[in-house]
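We begin with a single chain expressed as structure tokens, specifically the form predicted alone.
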């Protein structure tokens, strides 16, 4: 059997990590669907022309990330992703026409480009040296009114293919796209809310006067093994933001 040719990838990644990306791409492309049994470790190692131990490390990473599951005595299967609905919804909109906040705001992608990773993003990614990343800008709208301006930073080469996707095919939510197109599952996120001043870009897209006050949300999103996948900085129109917390008697 001829070994599959390993594609060119980020040379900083070890071989098992590049294998992980290739196997995840096969899942994302539908070659193996949820519930399917994937080929054995021996078969995959032979296909790729790598050592069995290296293939085992790649498969273990996919198991740890929640894309595969091992069943004793039966093999390794593609796992049905357990999406967390609260991660899909970056915020909840409460409106008289949508009292339960179930509607999803419109998403409009403004730009996608490869850029030098900003210092605060490198810090979140744990990358001390200068790197490149993918930057995505988009605006979220409710009933045609701009509510949020987002700057989303994603790792490279993980999301290189995002530049080629048609924005019309991406829908209003990013995390399902991350899984379906790149085999990357987001399972946790940390959001930090503060208030600041609109930038030139956010003021323009939110239709605000220059230097207007805005709500600022910074999100760091991770995969199942805790690797930071996304850094997101969001500016929102402050009049639409409310903070609510319910405390029990033991929280006083």
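Numbering follows the first chain given and starts at 1. In this text, rigid core is short for the largest set of C-alphas that superpose within 1.5 Å between two forms. This one's a predicted model, so the numbers in the text were calculated from it and none came from an experiment.
What comes next is about the form predicted in complex with the DNA, which is not displayed.
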Tell me, which of 218, 41, 47, 31 has a heavy atom within 4.5 angstroms of the DNA in the predicted complex?
41
Going by heavy atoms within 4.5 Å, which of 198 to 206, 56 to 64, 183 to 191, 222 to 230 lines up against the DNA in the predicted complex?
56 to 64
Using a 4.5 Å heavy atom cut-off, state whether residue 168 contacts the DNA in the predicted complex.
no
Closest heavy atom of residue 70 to the DNA in the predicted complex, within 4.5 Å or not?
yes
How about residue 111 - does it come within 4.5 Å of the DNA in the predicted complex, if we only consider non-hydrogen atoms?
no
Can residue 118 be called a contact residue for the DNA in the predicted complex at 4.5 Å between heavy atoms?
no
Rigid core fit then residue 64 CA moved by 2 Å or more between the shown form and the other one
no
Taking the rigid core as the frame, does residue 191 move its C-alpha by 2 Å or more between the shown form and the other one?
no
Look at residue 18 and decide if its Cα position differs by 2 Å or more between the shown form and the other one after superposing on the rigid core.
yes
